[in-house]
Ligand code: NAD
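There is one chain below, alone, in structure tokens, taken in the form predicted alone.
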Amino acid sequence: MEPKEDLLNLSTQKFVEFLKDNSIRRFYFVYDRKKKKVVSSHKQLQQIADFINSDKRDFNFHEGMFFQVTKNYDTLQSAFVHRTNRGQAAGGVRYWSYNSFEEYLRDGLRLSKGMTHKNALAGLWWGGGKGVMAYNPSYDKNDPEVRSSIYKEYGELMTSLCGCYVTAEDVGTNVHDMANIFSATRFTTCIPFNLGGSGNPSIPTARGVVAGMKAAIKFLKKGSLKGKTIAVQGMGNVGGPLIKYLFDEGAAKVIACDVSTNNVEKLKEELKGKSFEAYVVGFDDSSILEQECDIVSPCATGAILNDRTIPFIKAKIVCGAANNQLEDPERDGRDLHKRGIIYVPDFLTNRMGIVNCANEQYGYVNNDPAIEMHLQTGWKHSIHQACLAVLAESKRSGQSTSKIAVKIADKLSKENHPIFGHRGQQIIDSLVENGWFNE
């Protein structure tokens, strides 16, 4: 029977209550290639499938979206699988607060699609996917027992999906959480060092953003980072190391902000003597984007570049680590281009986290050339070369850099894995055939 309420506008916790009232613990939305539409595992959730089918912005023929409510602590968890031609879907699991189920759903759709583009442009034989978990305010997310249980159950979800998605670390998740995931599945990367993994990928990610900045500066024939002023939004796991790298590169001044007082005070103490300004902001404060500077670097949340913020950007370059920086990729990419602002697409320059951990199973060597080549200037798939190619084609064609980058990434992402072919789709077909949601 169809629900009377608008499920998409429910808070994630109200949505969990709806699921429990209907005895639904696991459910999915899968793209049916014969019917050419998304189908739902449950009739009670058909309105969500209809919404996904009608969406023209974030849905992009995602192969499958799998959800569960944890047995403990009523936490909504999911795995969004976008495209798996190049290999298993790979991307981190985000633990975040959402105002509604629609917001939660859109984040998963956008993030997983971004991982497809990121992995393809990086030349990795992986597809695109993302995990999303909604914070339940009824429980203390910093309680070790709560976190351990939630992340172990996420590992169980990974195991149940039979490898169509391999998870990793993302916003809100740390290496201890990854150890708990690993205790329940082998379908994960970003495993802690002491368990044979590559650990926290934030440092490599920051290095990749620096590489993107250098490419943009070269394209504009503006020399190097030496003497430049950079505004950084977010001073966490990536933004903090990035700021230090910028000073290593000779930046004249860095202005930064964060919602965390601890992050701000810690970095101010560490960078005493540098031309460094930092301040605490509220979650909706985007004033950092309006700073007089050479480069703006969004390293916090997504959708920060939009019709409300772009008109006030004074920098000539936007290059940061945050995922999905454009609220509306078509509109906002076009608006940045019209204003003559060089936008380095986030999925092009923030790849180093997944590069660092995606191929953990192949072992480790000093100064790993399989990782370092992404940060050098010679390899055709390096951040430097990929940036220059996108910027040059944007200038030649008059199209936005985001549109050019997506076009290139889409083409690469549809190349089938040279050994396993489109196996991820086969796994999803098997999950549907086996009645996965009944497990």
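All figures in this text were calculated on a predicted structure; none of them were measured in a lab. So that there is no doubt, residue numbering starts at 1 and follows the sequence shown.
Omitted from view is the form predicted together with the named molecule, to which the following refers.
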| query | finding |
| --- | --- |
| Listed range touching the named molecule, judged in the model of the complex by heavy atoms within 4.5 Å, from 321-329, 215-223, 81-89, 147-155 | 321-329 |
| A122: touches the named molecule in the model of the complex, heavy atom cutoff 4.5 angstroms | no |
| G236: touches the named molecule in the model of the complex, heavy atom cutoff 4.5 angstroms | yes |
| Distance check, L267 to the named molecule in the model of the complex, heavy atom within 4.5 Å | no |
| Any non-hydrogen atom of D177 within 4.5 angstroms of the named molecule in the model of the complex | no |
| Contacting member of I243, I310, A300, A358, with respect to the named molecule in the model of the complex [4.5 Å, heavy atom] | A300 |
| Contact residue in the model of the complex, from T229, N136, N263, S160 (heavy atom within 4.5 Å of the named molecule) | N263 |
| Within 4.5 Å of the named molecule in the model of the complex: residues from 183-205 (heavy atom criterion) | P201, S202, T205 |
